[in-house]
Structure formats: C-alpha cells, structure tokens
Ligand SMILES: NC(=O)C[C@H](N)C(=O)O
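Given next, in structure tokens, is a single chain: the form predicted on its own.
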C-alpha cells in the first residue's frame, strides 16, 4: 500500500473583490457587484484545489478593493502574520480585488517576517461570468502557496498562470484578463497545477527587511499628486490644507515637476512632509537629479517604484526614520 505524505495546510483569507463578484447575467463582465460571494463558494467552485492542499478558509472582508484603507491593510497584514506564525500553517492565499492588489501585496512583501509562501490572487471577471478567470487563478494560487519551491521568494501574485513578485507586478489594463504584468517579467508560471520558477527577486523582502509590524500602530497620512498639463496654483491651496505626511508626485518622464508645483511641494517639505518624486509613465528609474535640477534637493527620488508602491514604501520608511538620507537609502534598497 502506497502511503502519501500529508498535504500542506494552506489558509485562504477572502477579502471580496471581483473574484467573489456577481452580475445579473453571465454575459455581463463589467456591471457587477464585487465581494458578494463567500470563501466557501470559491472552494465549491474549485474542488480540485483540495487535491493540492488541505484548505481552510476565513472570510476576512467582503469588499470592493477600491475601498481598501490603510487601517484594513494593517489588519490584513497582522492576520496573515498570525497565521504564518502557526506551525500548522504552511502557506496563505489571499483573494483580493485587482484594483489595489499590487499595493496590498507590496506592503505584505515588506512587513511579513516569514519565509512561508504568501500568494495573492483575484479576477478580472466576476464569478458569474462566462469564462470567469477567478477559479483558475485560485487554483494556481493554491498550487504556488502549497509548493516548497515557493518558500523564501517573498509575497507573490498569481494571475493568468503567471507568478509575479509583489515588488514588480502592476495592473496594466482596465478589462483584459491578462492585465497583470511585471517590467522585468514574471518569476515563473503555473503549468498543470505545478509552479515553475525561472528567476528570483534580489531586493530585500519579508524577513530580510528593516520594517516590523509590531512597531507600526498606524500609517502616516499620504497622497499622490498626478502631474498633468494645465496644472494651476490651486494645488498649492489643496496641499496647504491637507498637510500630508507623505506626498508622492507622479511626475512627467524622469520625475519632472512643473515649475508651478515646485514651490507648493517645497513648502510642504519645509512643513515636515516627505516629498517623493516618481513617474507617471508606468516604469523606469527616476534619477536624483532629474529635469528639475537643483530644485529637487531634499526630495526623495524613487528607484523604479511606481507611485502607488512609492506611497507604501514612504509610509513604511517613516516607521523607522525621518532622516531624508536614510529614506533615500530605503528607496534605493527596496
């Protein structure tokens, strides 16, 4: 008699999103409500996932991820950390709306002190749609989370059979099933329920970072200012009234800042805000001395973090330091 080893235990944290969404018609892939289904519905839709792992589920939230707050993100991170600390848990899958999945994944990638696999997944079509992508994405996520090969690779995002690093992945299309891409390519792929990895991320993550959930009670107030032609001086009044701790400027090209916005941002920096220069282009490095020249002295420049990831990283940086040089080091490191 052949004795099979016990299946790994994977906990599924469901947060809602399109993967749990429903519409009145099977041909309606846009006019749906997110987060109407429960984690047990997903288990029932993909019974094959139980062949890969011993699954238990938890309904953490039932929401559209566009409504995600930093408070909810912190609570999610703490719950995942609790699960990873259990000797009985081998991996975690988080089902999540695609609108903010990259931000949640990046935050978890930087604060979870564990080598156990953590995989986020979602869907571009609701569960009720013809050819819904959620079931296959979920199956792939369980396959990755239950595989020993996935350990130590940081937080991963599995979509459309691709395995992405949380450091790189971003949503690039409003509707395409193959919407998620990484500028340097995915880490690997899922084939017939088996993950295959071809590269690894070299930047620090999880247990190798300097960030600790235990030291974070709340995240600083933050916002992203998007550059566009025709921007006027009304931005100055808005920045003055808001008093963000972190302001990410999604600038033109190499982080270029309009001359009309330089002084409002500089005033915010003098008032104590961390001002970060990013680019709205979608990819690429932002150099310390961009087209704005000496006017950007004292501001932080991203490495290649997009604006939404830059916001997350700047908030985490403030949990360990307020020194500008150290914050710049953090952006150059992660």
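Positions refer to the first chain, counted from 1. Because the structure is predicted, anything quoted here is derived from the model rather than measured.
This next part talks about the form predicted together with this ligand, which is not shown.
**Message:** Among the candidate stretches 214-222, 245-253, 92-100, 112-120, which one is within 4.5 Å of this ligand in the predicted bound form when only heavy atoms are counted?
**Reply:** Selected range: 92-100.
**Message:** Quick one: 18, 32 and 65 and this ligand in the predicted bound form, is every residue within 4.5 Å by at least one heavy atom?
**Reply:** All of them do, each having a heavy atom within 4.5 Å of the partner.
**Message:** I'd like to check something about residue 171: if you look in the predicted bound form, is any of its heavy atoms closer than or equal to 4.5 Å to a heavy atom of this ligand?
**Reply:** Because a heavy atom of residue 171 falls inside 4.5 Å of this ligand in the predicted bound form, the answer is yes.
**Prompt:** Within a 4.5 Å heavy atom cut-off, is residue 124 in contact with this ligand in the predicted bound form?
**Reply:** It does: once this ligand is placed as it appears in the predicted bound form, residue 124 has a heavy atom within 4.5 Å of it.
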